[in-house]
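First comes one chain, alone, set out as structure tokens in the form predicted on its own.
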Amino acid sequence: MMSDARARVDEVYRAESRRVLATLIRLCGGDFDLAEEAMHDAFASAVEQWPREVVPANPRAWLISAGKFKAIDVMRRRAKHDASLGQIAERLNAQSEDPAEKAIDEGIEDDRLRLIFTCCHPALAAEARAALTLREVCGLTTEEIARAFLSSPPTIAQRIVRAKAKIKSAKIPYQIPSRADLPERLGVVLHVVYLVFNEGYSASAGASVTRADLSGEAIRLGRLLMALLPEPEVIGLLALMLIHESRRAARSTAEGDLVLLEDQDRSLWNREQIAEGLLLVQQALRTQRFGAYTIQAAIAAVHAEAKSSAETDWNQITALYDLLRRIDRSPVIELNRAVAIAMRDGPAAGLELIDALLAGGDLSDYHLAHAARADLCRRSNRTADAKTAYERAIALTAQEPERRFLEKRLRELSL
């Protein structure tokens, strides 16, 4: 019984902790650190009480209520040094209806949107906005965020600490922006949602190829944003995420090993998600006001419409990458374009481009660049170069299924 209750606490933490935190930040007057402390205290109480009692029918409401009273206690203690905390504590305590139930009745999504837009406030540095949102909205560790940004954990930790301090010192409001301010704030929000989805679709580390909780959360946030502001790039990003997510069941074997796109069983692809994604990308393209996310969704759509890997229209994909690089000349986009050119024109054409990218230094520590080079060298019968590239990719890879796949390919070169 005790182990069942503890498992239930762990399950609720994975599913609900970021929603609980978002509401507690509102209840704590926008104090991130106090809300996080209150949330962890609430879960600690759940670990202690739920094994002895019946697990509540609405765990999220229970945790928000418990966290609220934990926060009130802390604020009362600190009120000796900050009178405003005492005022917040008494206002919370005097509320006639349970704030946790009220938050749920009104829709927890409002608090999630408040949190993501606060984390993406223009007063914060761009890199800090993304890091803070990934940490607070989605619960990624500093190590995971560092990999997403090709940065170091200490650097990311500093960004998050400074961003929280800025929110507090600048008194940044914990609210959804007005409709007039939304377009200006949307670009960073979409970038953050995109990074969250990428972490879920292809986990940067760990034992699994994917993290369904993160990609599912990104898609949910994408839907919320589209309902709030149905701009072409919001629609395009949602389309991109849905089409990629449709492949989840085919991306790994029953044993958890990685399966490349060209080898996937396409009968496992989720056709409902593909159909929805295709409609959305067409909707975004018709506006003629689309950007990088919509073009990437169009590329994903070409893959989704191919009945087999051999039938993929690499001419169209390469043309779309040519269009995309006019908007975004990032090294990763250039790498993906090089792979598309290799599929269209042969491995030598792609290798020339990848070698130039690696020589530039921007992707020297990016494992997928070395993995792509290794694969093209393998296809070109450049065995020694392929081995060197595989070894470099393996050294940089933190995800176990990717490492196993690369190690298998490296062994095959010695057979």
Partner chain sequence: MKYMLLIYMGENAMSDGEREQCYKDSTALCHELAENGKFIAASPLQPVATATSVRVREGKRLITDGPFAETREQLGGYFIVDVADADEAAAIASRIPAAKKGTVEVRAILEIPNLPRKLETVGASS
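Not measured: the values here are computed from a predicted model. Numbering follows the first chain given and starts at 1.
There is another form of the same protein, the form predicted together with its partner chain; it is not shown, and what comes next is about it.
Enquirer: At 4.5 Å between heavy atoms, is P122 in contact with its partner chain in the predicted complex?
Expert: P122: yes, in contact with its partner chain in the predicted complex.
Enquirer: Would D345 sit within 4.5 Å of its partner chain in the predicted complex, counting heavy atoms only?
Expert: Residue-level check for D345: no, no contact with its partner chain.
Enquirer: I'd like to check something about A170: if you look in the predicted complex, is any of its heavy atoms closer than or equal to 4.5 Å to a heavy atom of its partner chain?
Expert: Looking in the predicted complex, residue contacts with its partner chain include A170, since a heavy atom lies within 4.5 Å.
Enquirer: Contact with its partner chain in the predicted complex for R325, defined as at least one heavy atom pair within 4.5 Å: yes or no?
Expert: So R325 does not count as contacting its partner chain.
Enquirer: Select, from the options 258-266, 233-241, 162-170, 189-197, the stretch whose residues sit within 4.5 angstroms of its partner chain in the predicted complex by heavy atom distance.
Expert: Single hit among the candidates: 162-170.
Enquirer: Which residue, E305, D181, D313, D213, is the contact with its partner chain in the predicted complex, using a 4.5 Å heavy atom cutoff?
Expert: The residue in contact is D181.
Enquirer: Closer or farther: the C-alpha atoms of R223 and R179 in the predicted complex, versus the form shown, with a change of 3 angstroms or more?
Expert: Here the pair is closer than in the predicted complex; there, farther apart.
Enquirer: Given that the shift is 3 Å or more, do the Cα atoms of E127 and E334 end up closer or farther apart in the predicted complex than in this form?
Expert: The answer is farther, because the C-alphas of E127 and E334 separate from each other in the predicted complex by 3 Å or more.
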